[in-house]
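Quick heads-up: it's one chain on its own, the form predicted on its own, in structure tokens.
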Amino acid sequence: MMQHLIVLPVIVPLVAGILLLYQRQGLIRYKRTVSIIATALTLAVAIGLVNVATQGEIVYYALGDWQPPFGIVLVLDRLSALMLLVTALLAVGAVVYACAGDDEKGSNFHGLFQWQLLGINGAFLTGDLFNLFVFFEVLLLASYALLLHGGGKARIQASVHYVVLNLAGSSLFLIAVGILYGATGTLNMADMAQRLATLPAERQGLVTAGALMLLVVFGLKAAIMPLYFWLPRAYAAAPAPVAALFAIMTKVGIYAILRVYTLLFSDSAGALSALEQPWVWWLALVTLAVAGIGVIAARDLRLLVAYLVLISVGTLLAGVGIRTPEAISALLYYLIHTTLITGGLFLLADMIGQQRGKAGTRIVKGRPMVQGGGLALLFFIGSIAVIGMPPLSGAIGKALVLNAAEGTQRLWLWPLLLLASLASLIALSRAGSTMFWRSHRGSLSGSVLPRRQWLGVIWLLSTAPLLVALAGPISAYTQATAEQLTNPQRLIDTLLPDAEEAL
């Protein structure tokens, strides 16, 4: 029974999406009920899978009972379980917020929302490269439509850039998969890792080209410099619950880099090992620097939060570039924090914009807000958390990443990350003082916000103190996850137990 649990994060949103799209003209109450139940069930399944992964075993589900390396497999280890849980937590907050009215601004919101969850969850679970491509396409197709939800000139313009760049990335992804398949004769990642260890020298150049193409594709998904230009405008233009869910999208790219390069290009790959390390390290530092400038330059609260996402991308990829178990553990703790907090800030920015009337989310003076006190408190908590100031989880996450740097790495990472944090502090202080303190003249602006919007934001922002309270067990889990990732032979032996005898 527990083995079949692995497929549920794919099956539940798939079935829910079909039901919702089939009844797309149905009552909104029906759509909301199905969507919330499906998302809550996905969260419950994710919690169960984390409990399985905590035991340290790697388990897989062979679709149609076709065993690897020939069949399609879904693989559960500590990393995939953690990513499923973070996605489910984020999705619950986003869908509850959407049910306050955003879901009625366009058609098919809940069905597309569930199918995006299907693509994200499938990408975290799949055990072969081609199905990673397939799930990428599923989540991207759903995201194209969700980005346009509600219409508007800004969304159409942002979606054109988003679609064109991701279509180019998808084409490159397919070419890279074809190159690696031609060089190794397999698509199963565990089997490919084993074959790369004994790859003839004449094929290594071809594999290197395919590996670097994949890095470009995953870098585009993660929004690493110089492939990040699509992200700020797209995230700022997206409907609030969509932007909140998009907070996990860059982490899909980071996950893919971690998964593919620690498994396929580990130390056993010889000359092909750690191909990505120098590229990821230096580009992560540049991403941090550019994102810090973007935060300072932002004149819209939604755009500011989008650049905060980019700072988190640079921080996470710096941990990937360090490529030690300590750095991987640190970046995983920080990943949980930044995904949930930036998702909550996207929702909060929308609430502030609703209360400010014509001023919207622009960082300019406006009239005082009807519920300004509560919004100011949530803004303060979210800002402290995302900047990385004590006593909330951002401080722990950034401290762990900084501490993981070694030698000359510290000379580069410490000043850049601290300066980016300072830029965040300045930008958020300016935004908060302008929107709350300096906007005190005139009659009250806005109407009372729905309870579901408050619930969605509080659900996500409350994770900041919760991650501090649970820092011990969470850090222990991320450390065990890092050790599991840096020892890919365990996964290979689980999926291909007879490989040594066959050789």
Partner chain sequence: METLYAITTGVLTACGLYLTLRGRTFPVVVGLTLTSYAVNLFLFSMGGLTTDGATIVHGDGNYADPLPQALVLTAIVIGFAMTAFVVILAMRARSEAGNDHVDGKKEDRE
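Residue numbers count along the first chain shown, from 1. As the structure is a prediction and not an experimental result, all values here were calculated from the model.
Another form, the form predicted in complex with its partner chain, is not on view; read the next lines as being about it.
* Non-hydrogen atom within 4.5 Å of its partner chain in the model of the complex for each of R195, A197 and A209 -> No: no residue has a heavy atom within 4.5 Å of the partner.
* Using the partner position in the model of the complex, report whether V163 sits within 4.5 Å of its partner chain, counting heavy atoms only. => V163 belongs to the contact set for its partner chain.
* To do: With heavy atoms only and a cut-off of 4.5 Å, decide whether G71 touches its partner chain in the model of the complex.
  => No, G71 sits far enough from its partner chain in the model of the complex that none of its heavy atoms falls within 4.5 Å.
* To do: Examine G182 and determine whether its closest non-hydrogen atom to its partner chain in the model of the complex is within 4.5 angstroms.
  => G182 belongs to the contact set for its partner chain.
* Find out whether any non-hydrogen atom of G357 is located within 4.5 angstroms of its partner chain in the model of the complex, and reply yes or no. => G357: no, not in contact with its partner chain in the model of the complex.
* Asked: Counting only heavy atoms and a 4.5 Å cutoff, which of 301-309, 381-389, 130-138, 367-375 contacts its partner chain in the model of the complex?
  -> After filtering at 4.5 Å, what remains is 130-138.
* Report the residue, out of L187, L416, L82, L220, that has at least one non-hydrogen atom within 4.5 angstroms of its partner chain in the model of the complex. => It is L187 that has a heavy atom within 4.5 Å of the partner.
* Asked: Among S433, T408, S171, N403, which has any heavy atom within 4.5 Å of its partner chain in the model of the complex?
  -> Of S433, T408, S171, N403, the residue with a heavy atom within 4.5 Å of its partner chain in the model of the complex is S171.
* **Contact set, 387-422 vs its partner chain in the model of the complex - heavy atom within 4.5 angstroms** => Sequence-ordered list is empty.
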